[in-house]
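Just one chain is shown here, as structure tokens, and it is the form predicted alone.
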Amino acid sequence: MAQQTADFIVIGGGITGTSAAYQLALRGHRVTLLERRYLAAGGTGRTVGLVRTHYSNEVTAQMAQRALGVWRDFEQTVGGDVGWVQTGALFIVAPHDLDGLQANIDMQRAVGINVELLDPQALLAVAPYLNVEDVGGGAYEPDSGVADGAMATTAYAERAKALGATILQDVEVTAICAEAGRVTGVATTKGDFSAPVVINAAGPWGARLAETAGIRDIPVENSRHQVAVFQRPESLAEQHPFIGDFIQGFYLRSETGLLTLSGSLEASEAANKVDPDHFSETVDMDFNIDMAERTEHRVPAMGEAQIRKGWAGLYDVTPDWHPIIGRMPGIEGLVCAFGFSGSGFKMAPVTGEMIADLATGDRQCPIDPHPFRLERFAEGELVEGRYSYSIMG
């Protein structure tokens, strides 16, 4: 016999699922979250934790700006420690991309983002260790920073529990159940759970689960993304801002213990397709060497850096590198939120609001999730930005 557990079932104990559970519990609803392993076991636990507002689409820029406000004041707005560190962020381009960068900055300022265009000399005032010989300029966001994926997920889960939500780990959802075109609940390795609304926030496993409810041909591919880790020399002891190098297509992000994380910003990363249940979580040496060479070009002093142990995680990538957030056509009571293409962590505070709006029919978030509906792919209305750097949104 099915067990009536809640008004809402959330599948997935990553940052998206726990944020959604928190928002629903905050509104007074009975919520049960089901996680197949442990909290932040998927992509969230391997995120580099960047919280930026540098997007080239007005809707995503608005989402990022709203989310940044939560991250910066998380202890007051939600509650709990997320390891927030305000580092600032630089996004540098070649001279031929300056006009596009300026147009993007104008759009960002229009939605309230604190950002300025810096010429090469001004960039050196912020980061004097940079090689700017091939740089036309950069966008500088002083308010951006980083947070910890596992800490943030735990904080959301604890706040949801304090508000009455049930958080169950080591419970794998094997199918989303529906009858006569509406959701009835889920089947799991620990028995069946029933609820009139199910939220599929299962990340790389989301499309597979949606298929069990009859939602086919969801354009999401899972890809492996590597993060190289370098130990900085003593000459670079100070924390540095996040550096998004669009000229070379990679990023640098400072970490405690004189560490710097590095990874690709190239859309070709989506070609590294993997089975989310079977992929290498270690870094290829060729990747370490590639990132080391790019890093030394941009920050010459990093030629003395030492390679440390990195890791690889998962992105669930859509054709336009933007998420699917919406009610599923033909299945009443099913809401999906996955396909974030690497941006799920930073957007989570707003995504949780959007999911709660969709699940309850009570619109409280000022940003409309309509552009992220699944149907956009068939309708030819992709979410497109101003840049060719699709991985950045």
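The shown structure was predicted, so the numbers you read here are calculated from the model rather than taken from an experiment. Numbering starts at 1 and follows the sequence shown.
Beyond what is shown, the protein has a form predicted in complex with a small molecule; the following relates to that form.
Colleague: Please tell me whether any heavy atom belonging to V173 falls inside 4.5 Å of a heavy atom of the small molecule, as the geometry stands in the model of the complex.
Modeller: Output for V173 is yes: heavy atoms within 4.5 Å of the small molecule.
Colleague: Applying a 4.5 Å heavy atom distance criterion, does L50 contact the small molecule in the model of the complex?
Modeller: Residue-level check for L50: yes, a contact with the small molecule.
Colleague: Please tell me whether any heavy atom belonging to Q23 falls inside 4.5 Å of a heavy atom of the small molecule, as the geometry stands in the model of the complex.
Modeller: Taking the distances in the model of the complex, the answer for Q23 is no, it never comes within 4.5 Å of the small molecule.
Colleague: Does any part of L34 reach within 4.5 Å of the small molecule in the model of the complex? Heavy atoms only, please.
Modeller: Within the cut-off, so yes.
Colleague: Quick check for you: of 283-291, 136-144, 98-106, 225-233, which stretch puts a non-hydrogen atom within 4.5 Å of the small molecule in the model of the complex?
Modeller: Residues of 225-233 come within 4.5 Å of the partner.
Colleague: V115, L252, V183, L209: which sits within 4.5 Å of the small molecule in the model of the complex by any heavy atom?
Modeller: Only one option qualifies, and that one is L209.
Colleague: Between A150, I215, A305, L314, only one gets a heavy atom within 4.5 angstroms of the small molecule in the model of the complex; which residue is that?
Modeller: The residue from A150, I215, A305, L314 that makes the contact is L314.
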